[in-house]
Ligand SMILES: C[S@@+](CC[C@H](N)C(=O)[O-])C[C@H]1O[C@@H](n2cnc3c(N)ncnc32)[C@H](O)[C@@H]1O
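The form predicted alone is given below as one chain in structure tokens.
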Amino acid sequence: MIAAVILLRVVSREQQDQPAWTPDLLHAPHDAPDKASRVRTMFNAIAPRYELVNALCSGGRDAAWRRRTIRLAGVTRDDDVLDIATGTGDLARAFAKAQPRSIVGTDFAHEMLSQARLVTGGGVDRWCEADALRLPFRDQSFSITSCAFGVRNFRDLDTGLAEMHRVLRPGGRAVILEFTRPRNAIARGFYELYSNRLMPVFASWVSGDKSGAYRYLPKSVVSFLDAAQMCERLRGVGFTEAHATPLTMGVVTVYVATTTA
């Protein structure tokens, strides 16, 4: 029995040491057949220092991006907010400052939600471990659905966007904050030099990550949709309007999509 327990621990430790993202997978990360499990593994691995790394690597701009997202959402005291792929809950807590009626944060990475629950007094009503592609909520349960830096990690983008639409009430809006490639060639060159060369080394060192998360993240941006394509996909799953607002020279974009009133 003791030998079996030791063996299980050794196997578990070896699995943890295996990177979620290897160089061959990074050529087309969105095409990986087991993308969901790899994304879950990497986010569980980087959860403890996730917010610290975000703040350092963005030069503190991540907080400003979240504030702008909240303003574009047009939050009122009658709103019920569902923050999808909430991670450690930083966007959900930002929503709380606008004082909507209720806020629920969901994520499928257990360790991310564990970190979110450690923050007391954040104003979030409930944390729920759930897959963004199979949300455990009834149709038309919320007036706002949101997602920060998460939709490009969905195994099936259209299914995830359709779920955001399904749980919205008539006249509701989906608000998405996501990385994009700057359209200006000079800005794009500097950004991609930083995100592909410098950031992965620094972020991996700060976080102690061995999962390959900070190699995957910039690759997942380069191979993801541009703003026009994203708006088209939002309209394709049933949203009547979709608008994109670029921030910080187009490094990130906020999408606001509305349902039929």
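Note that residue numbering begins at 1 and tracks the sequence as displayed. Nothing here was measured: the structure is a model prediction, and the numbers come from that model.
The same protein has a further form, the form predicted in complex with this ligand, not shown here; the description that follows concerns it.
- [ ] Look at the candidate spot formed by Tyr50, Arg66 and Gly150 and say whether this ligand comes within 4.5 Å of a heavy atom in all three of them in the predicted bound form.
- [x] Looking in the predicted bound form, the three residues Tyr50, Arg66 and Gly150 all sit within 4.5 Å of this ligand (heavy atoms).
Task: Gly87, heavy atom within 4.5 angstroms of this ligand in the predicted bound form - done: Because a heavy atom of Gly87 falls inside 4.5 Å of this ligand in the predicted bound form, the answer is yes.
- [ ] Indicate whether Ala130 is a 4.5 Å heavy atom neighbour of this ligand in the predicted bound form.
- [x] Looking in the predicted bound form, residue contacts with this ligand include Ala130, since a heavy atom lies within 4.5 Å.
Open item on the list: Within 4.5 Å, heavy atoms only: does Val221 come near this ligand in the predicted bound form?
Closed with: Val221: no, not in contact with this ligand in the predicted bound form.
- [ ] Decide whether Ala109 counts as a contact residue for this ligand in the predicted bound form under a heavy atom distance cut-off of 4.5 Å.
- [x] Ala109: yes, in contact with this ligand in the predicted bound form.
- [ ] Answer with one of Val39, Ala45, Ile70, Ala203: the residue that has a non-hydrogen atom within 4.5 Å of this ligand in the predicted bound form.
- [x] Answer to the contact question: Val39.
TODO: Work out which of the listed stretches, 116 to 124, 70 to 78, 100 to 108, 183 to 191, brings a heavy atom within 4.5 angstroms of this ligand in the predicted bound form.
DONE: Only one stretch passes the 4.5 Å heavy-atom test: 100 to 108.
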